[in-house]
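Just one chain follows, in the form predicted alone, and it is written as structure tokens.
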């Protein structure tokens, strides 16, 4: 039996005894005759008062004093550890509830009536993933009603894309707990990340449920050293990614050409089928050209430019989170750093915000450590509290490379 259970049992027994005494006293008073008023009743003689009766009273008093003298120190010794145990137990329960909220059908903690399916987008271990999203047309052509949804005007058609959801196993290296809670409560407008908190007026989770999610995410965080190692490897993987894309598109073009040759050699092929095979070849050829151009662009990038794309562009470059150079129907992103959820960094705006040599150091601190919400940064900046800090995820050389690249925009 645990100490907590023992206390509960003792309290129940004590309450039962007190209740029994009260009931016995009430019913016994009903059976007793009207007592003589105290001021008229003759009291005990001194011999009786100062005899065994007094000794018995003093004995009971001594016993209760001993109980209090022993119980109080024991209580003060046990109470702090009991509080720690209860805090640990509450945290464990909170993490378990958070795991259920985060889970999808592939997760052990999945509960169909409670899980929010966060793992569908962010991965079962919060390693990152992708979310389906529909991009709405932005062309001026779509102002005309007859062009809206018109298949003859492709620029006015909504396009499905795969939005790259960030890894959350490093989220507490980039953000404070309060920042993560803000994101969960209010979401990211214009992205697949919806608002989950009831404080936003759009979500279903109360404050405790948001805390449960954050507590669970805390259990998934990888060490800072591991995150920095992954970041270093990601730069090289980004460079080889362009070549891999070219290879994939070459295979796709070869396959499309083979299908076209089969269609041309088959006398049963309909004109529609032949036309579709020809379109497939033309599309694959165009995608290969796009992949080759993308690979050439990637190979010319500095490490700072690649680090910016990997860590900063999703907030500072519109459409970057779902950019696919082979997705010909989706508009390509504007110039890097031209602004999206985060501010525009082009036109030497960072040099204006952080001027001179001292500004370089201040910009480094801004990227590495950030500042709390509503406090000033740079010459004219007021922090919104949404800028991540990268000192725990990137090393000093990588952050300096990003700062150098940003100041070149």
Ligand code: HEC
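None of these values were measured; they are calculated from a predicted model. Residue numbers count along the first chain shown, from 1.
Heads up, the form predicted together with this ligand isn't pictured, but that's what we're talking about next.
Engineer: So which of 290, 131, 235, 280 gets a non-hydrogen atom within 4.5 Å of this ligand in the predicted complex?
Structural biologist: By the 4.5 Å heavy-atom cutoff, the listed residue in contact is 131.
Engineer: Of these, 85, 92, 261, 117, which has a heavy atom no more than 4.5 Å from this ligand in the predicted complex?
Structural biologist: Result of the distance check: 117.
Engineer: Which one, 51 to 59, 64 to 72, 38 to 46, 377 to 385, holds residues whose non-hydrogen atoms are within 4.5 Å of this ligand in the predicted complex?
Structural biologist: Looking at the partner contacts, the answer comes out as 377 to 385.
Engineer: Any chance 168, 183 and 312 all have a heavy atom within 4.5 Å of this ligand in the predicted complex?
Structural biologist: Every residue of the candidate spot has a heavy atom within 4.5 Å of this ligand in the predicted complex.
Engineer: Give a yes or no for residue 191: in the predicted complex, does one of its heavy atoms lie within 4.5 Å of a heavy atom belonging to this ligand?
Structural biologist: So residue 191 counts as contacting this ligand.
Engineer: Is residue 175 a contact residue for this ligand in the predicted complex, using a 4.5 Å heavy atom cut-off?
Structural biologist: So residue 175 counts as contacting this ligand.
Engineer: I'd like to know if residue 317 sits close to this ligand in the predicted complex, meaning any non-hydrogen atom pair within 4.5 angstroms.
Structural biologist: So residue 317 does not count as contacting this ligand.
Engineer: May I ask you to state whether residue 353 is within 4.5 Å of this ligand in the predicted complex, using heavy atom distances?
Structural biologist: Result yes; residue 353 sits at the interface with this ligand in the predicted complex.
Engineer: Within 315 to 351, which residues have a heavy atom closer than or equal to 4.5 Å from this ligand in the predicted complex?
Structural biologist: In sequence order, 315, 316, 321, 341, 342, 343, 345, 350 come within 4.5 Å of the partner.
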